[in-house]
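One chain follows as structure tokens, the form predicted on its own.
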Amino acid sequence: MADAVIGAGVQADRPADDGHARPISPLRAAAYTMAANKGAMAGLAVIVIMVIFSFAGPFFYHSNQITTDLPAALHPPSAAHPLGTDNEGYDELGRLMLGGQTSLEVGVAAAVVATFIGVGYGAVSGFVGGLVDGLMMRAVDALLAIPTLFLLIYLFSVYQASPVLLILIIGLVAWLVPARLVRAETLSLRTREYVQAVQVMGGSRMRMITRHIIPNTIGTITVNATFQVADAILVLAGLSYLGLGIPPPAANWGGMLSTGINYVYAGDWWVIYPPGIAIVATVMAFNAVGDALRDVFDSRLRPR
């Protein structure tokens, strides 16, 4: 019998000894579902290209990103500078690579921080339940009521921005959403037979949470983490656009976009379009992968 059709959740793989078709393993079915999603494949390609461009590109394309060169400021694209130069004479292509490093590092690291805190908090809240759950969720609701942008603007107007501080603050603001998602999953999982069996056998609450609750929420966690990366990149871009990002000579795509706005009406398009396209493409790529992962982990959304 031929291989299974791409995108099918449980199509036939090859005949078993008894003549019946064997079902495809969950991992292989997930791979088929992912491969069938053209948007996800395009998103993965964009992410890989951006990572290689940002981190491997500087090894092949050398440019001075430390000292300014004002006489070379705002030169249009040429053989010496394929994407021109910005208002301080920095090579725009090299600047785009440097900015990509900061944007991707902060985005991924902030998503990891937010996911780690949110998963632990939500799992404990949902598993314990009762008064503890009520108090913990009211704290989350109170924090969600605070406008995130105003909070970030206040914090970065008080403290000097740095990559580590950006990661910590963005992560500490973004953990609220995964906490609520994991808590909702935990409320359902804690009543399952295998969790109750561990409790009857004398297993500790920590073991039930770490060995049975959290592993069974991995689908929700993974999907949310991809969206968290995209959100963190947008938050960093927004802060940098407002002038609250990492100061020069460091760079990120949002800061480049903020600088380019001042020159777009002068016709210097090369200082605004490259970082703008990079932000949009990267965020859309992570969102496309997140949508595809949701289809992978939710069997009801898989094509039949």
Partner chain sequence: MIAYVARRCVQGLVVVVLVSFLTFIEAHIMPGNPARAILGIHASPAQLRAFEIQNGYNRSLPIQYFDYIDRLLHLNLGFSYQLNQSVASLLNERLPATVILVGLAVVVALVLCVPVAITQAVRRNKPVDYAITGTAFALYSMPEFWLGLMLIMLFAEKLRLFPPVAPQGNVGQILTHPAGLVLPVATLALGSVASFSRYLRSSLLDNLAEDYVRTARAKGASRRGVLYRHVFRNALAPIITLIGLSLPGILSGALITETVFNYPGIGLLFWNSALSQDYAVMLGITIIVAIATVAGSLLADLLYAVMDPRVRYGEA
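For clarity, every value in this text was computed on a predicted model and none was experimentally measured. Positions refer to the first chain, counted from 1.
This protein has a second form, the form predicted in complex with the partner chain, left out of what is shown; the following refers to that one.
Just one of 112-120, 97-105, 134-142, 206-214 has heavy atoms within 4.5 Å of the partner chain in the predicted bound form; which?
In short, 134-142.
Please state whether every one of the three residues F227, V264 and Y273 places a non-hydrogen atom within 4.5 angstroms of the partner chain in the predicted bound form.
Yes, the whole candidate spot contacts the partner chain.
Hey, in the predicted bound form, does L155 get a heavy atom within 4.5 angstroms of the partner chain?
Although the partner chain is absent here, L155 would touch it in the predicted bound form, with heavy atoms inside 4.5 Å.
Report yes if any heavy atom of A251 sits within 4.5 Å of a heavy atom of the partner chain in the predicted bound form; otherwise report no.
Looking in the predicted bound form, residue contacts with the partner chain do not include A251, since no heavy atom lies within 4.5 Å.
Does the 4.5 Å heavy atom contact test between T222 and the partner chain in the predicted bound form come out positive?
Taking the distances in the predicted bound form, the answer for T222 is no, it never comes within 4.5 Å of the partner chain.
Report yes if any heavy atom of M41 sits within 4.5 Å of a heavy atom of the partner chain in the predicted bound form; otherwise report no.
Close contact is absent here: in the predicted bound form, M41 is far from the partner chain, nothing within 4.5 Å, heavy atoms only.
Let me know which residues along 219-245 have a heavy atom within 4.5 Å of the partner chain in the predicted bound form, or say none if there are none.
The stretch 219-245, when checked against the partner chain in the predicted bound form, contributes F227, D231, L234, A237, G238, Y241, L242, L244 at the 4.5 Å heavy-atom cut-off.
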